[in-house]
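So this first bit is one chain, no partners, the form predicted alone, shown in structure tokens.
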């Protein structure tokens, strides 16, 4: 066995770039669902992942400029899936939306999306960089 492969615990990594347009969100949902089906997620867990990726892409579309792309990286391990969604905008810092505090009426739609992502996924983190844009990383563990 190749030692480099033995040192990599990942079972696979898929990268996808789509235009930041609503008509491409379905492609992201289908691609991520196909990757998720490679490990032992239930149908309900795959549906949760699909909804979370749709919400993440929708947030990117809402903050992206004309011609912006969404970069999606899905990586599977024996017991979890890690999905990163990156765009080049600097517009959204939504760390304050927590899954355990509930969703108050009158909140912005994008905050509802982040609330759903946090409720559906096991871990959610944001990284905002002035040059690289915004990256959302979501982890879903096999139950």
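As the structure is a computational prediction, the values presented were derived from the model and not from experiment. Positions refer to the first chain, counted from 1.
Although not depicted, the form predicted in complex with a further copy of the same chain is the subject of the following passage.
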Worksheet item: Is residue 83 close to a further copy of the same chain in the predicted complex, meaning a heavy atom pair under 4.5 Å apart or at it?
Response: no
Discussion item. Considering non-hydrogen atoms and a 4.5 Å limit, does a further copy of the same chain approach residue 133 in the predicted complex?
Written reply: no
Discussion item. Whether residue 126 contacts a further copy of the same chain in the predicted complex should be assessed with a 4.5 Å heavy atom distance threshold; does it?
Written reply: no
Worksheet item: Is there any non-hydrogen atom of residue 122 lying within 4.5 Å of a further copy of the same chain in the predicted complex?
Response: no
Discussion item. For the stretch 13-50, I need every residue with any heavy atom inside 4.5 Å of a further copy of the same chain in the predicted complex, listed N to C.
Written reply: 13, 14, 15, 16, 17, 18, 19, 21, 23, 24, 26, 27, 30, 31, 34, 35, 38
